[in-house]
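The chain below stands alone and is given as structure tokens, in the form predicted alone.
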Amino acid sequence: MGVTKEQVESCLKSKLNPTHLEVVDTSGGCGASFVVEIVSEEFEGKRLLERHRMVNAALEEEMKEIHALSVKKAVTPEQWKQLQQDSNQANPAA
């Protein structure tokens, strides 16, 4: 059995202290492929590549069993707030 969604979430929560975290198991339940969206103050002042490396480093042990990890978003809380505002402006409630 591979890594569970809960294991990925727990690991990222403990190491990167996210204010928002979404983990989706895209492997059909075998734990081999995940998509991650993470918002953390730990990313402040870091470039996108550094942020992705931080996520991979946080999941170092789990990555031994994960075949594919897609980091959809790795942003700071301020960037997340801006993304939410932009999204709300683009899709106003009818």
Partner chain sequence: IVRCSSGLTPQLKSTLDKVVTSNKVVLFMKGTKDFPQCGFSNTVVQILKSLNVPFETINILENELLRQGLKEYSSWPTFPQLYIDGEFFGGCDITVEAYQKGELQELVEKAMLS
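Just so we're clear, the structure is a prediction, and the values are computed from it rather than from any experiment. Numbering follows the first chain given and starts at 1.
FYI, the form predicted in complex with its partner chain isn't displayed, but the following is about it.
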{"query": "In the predicted complex, the one of Ser70, Thr19, Ser10, Gln85 near its partner chain [non-hydrogen atom within 4.5 angstroms]", "finding": "Ser70"}
{"query": "In the predicted complex, Arg53 touching its partner chain (heavy atom, 4.5 Å)", "finding": "yes"}
{"query": "Residues within 4.5 Å of its partner chain in the predicted complex, restricted to 6-27 and counted by heavy atom", "finding": "none"}
